[in-house]
Each structure stands twice: as structure tokens, then as C-alpha cells.
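One chain follows as C-alpha cells, the form predicted alone.
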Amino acid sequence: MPENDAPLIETKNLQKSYFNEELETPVLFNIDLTIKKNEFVAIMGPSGSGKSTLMHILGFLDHHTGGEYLFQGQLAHEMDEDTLSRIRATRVSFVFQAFNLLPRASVEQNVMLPLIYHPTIPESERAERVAKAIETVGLTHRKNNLSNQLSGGEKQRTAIARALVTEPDIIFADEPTGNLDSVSGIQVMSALQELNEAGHTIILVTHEKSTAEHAERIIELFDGRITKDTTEFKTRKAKEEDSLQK
């Protein structure tokens, strides 16, 4: 897909419904949204607000049922399955609340996984990419440890390294601090902020305002609708919070 000047993400009147026999359950309504490259955006809302559904659509894990979704100017519903598979493998990555690591694999092996199925990165580059991603999240000293030997914060940073290793356009983080204590949560948010400062687009989903405020922009959802989209708040700097904890 060629680079162009279009926004990274744009939705116009985007809608989503789930269907069960004759029953339609609408969950997203009239979502108009533009996200540019290198933004750090938090999508915030209570459980059931539609924030995870929206993230899944933006990350090509689900399909919208109305309106338009454009990824760098190209309509998502016009993309064939090969194009969608390539985008999932190369241009977007995910960090989930539950980590989703292989418990009996090392940090290094977990981070390597996306490269094994990557369509363009040659095997000769894998080890260097893995080492760089692990170093970026500060886990080089733990690279040979099994993931079930790690703390919660270390597991999530491993998941971030795994998301980073393919050098995607966007990293989606779905409640990345939800299973962590406050200290580990701040360390994870610090890693995401550093990635954003290095040029990565971050889209964070959370129900916690204190977590959302680590972003530079907060989009609030309620009952499937955007109720607020603001940059008028003081962004919390995780590095400063981390130093205060010590």
C-alpha cells in the first residue's frame, strides 16, 4: 500500500451492529474520527461503551456494518483478504490486558513469534530485530527467562516488544495496565510514551481516566457514541511518576 498524505485513520459515520437470527444489536453509532500518524490517542469509556469494538474495527480484527473506514485513504471494505492479512501482519500490532504470551517460551522466543509469519522480513534480520525490541522495553537482562518467570509488568513489556518487533504503523493497546499494580502500570505507560516519542502511533483503550491522561488526546465513548474528543488536558508523564515512586 503506497504512502500518501491522507490521515492514517479516518472514519465517516462508522456504525457497527451484531446480528443474531432476526435480532440486530447496534453497538457503534455515527463515529466520525481522524487519527494522524505519530499521535498518541486514548479511547476511554465504561464497560459496554463500544471502545474495544471500535479498536477491533480500526485494527482489522472486525468489520464495520455501516459508514466508511479509510486506512491511509483506502476504504477498508474495498480491501481483499490478502491485503487485510498483510496489514494485520505488517502494519498493526496489539498489546492486550491478558498479555497472551506463551508461558513456557522465553522472552526472546515470544518476541520472535510475529517475525516467523511475517511476509517480508527475512530470517537473517530476525535476531537483530528481536534484540532491538527487547532492549527498547528494558528487558535485555531477562531475554532468556521464561514468560511465566516474569512479573506482571515485565510480561506486559514483553508483549509490547512483541508488538514493536515488526515496526508497525500503529500499536493498539487494549487495557494494557488492567492486570498490573500501580508501579508496573506506570512503567508500561512509560514504555508506550517512549515509543510514541520515537515516532510510533499509539491507540490506547482504557476505562481509567488516570491511564488515558498519559496520551495526548482523549476520545470518550458512551453507549457507542463519541461524547468528547479533547487535547485540552495536562498529559501525565510516566517517567516523572516513576521517579516519584522510587
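Counting begins at 1, following the sequence as shown. All values reported here derive from a predicted model rather than from experimental measurement.
Not pictured, yet referred to below: the form predicted in complex with a small molecule.
- When the small molecule is considered in the predicted bound form, Q187 lies well away from it, no heavy atom lying within 4.5 Å.
- Using a 4.5 angstroms limit between non-hydrogen atoms, E154 is distant from the small molecule in the predicted bound form.
- Put simply, K51 is close to the small molecule in the predicted bound form: some heavy atom of it is within 4.5 Å.
- Shown alone here, T25 lies within 4.5 Å of the small molecule in the predicted bound form, counting heavy atoms only.
- The listed set T136, Q72, S147, Q97 contains one residue whose heavy atoms approach the small molecule in the predicted bound form to within 4.5 Å, identified as Q97.
- Looking at 189-197, 63-71, 176-184, 41-49, the stretch with residues near the small molecule in the predicted bound form, meaning non-hydrogen atoms within 4.5 angstroms, turns out to be 41-49.
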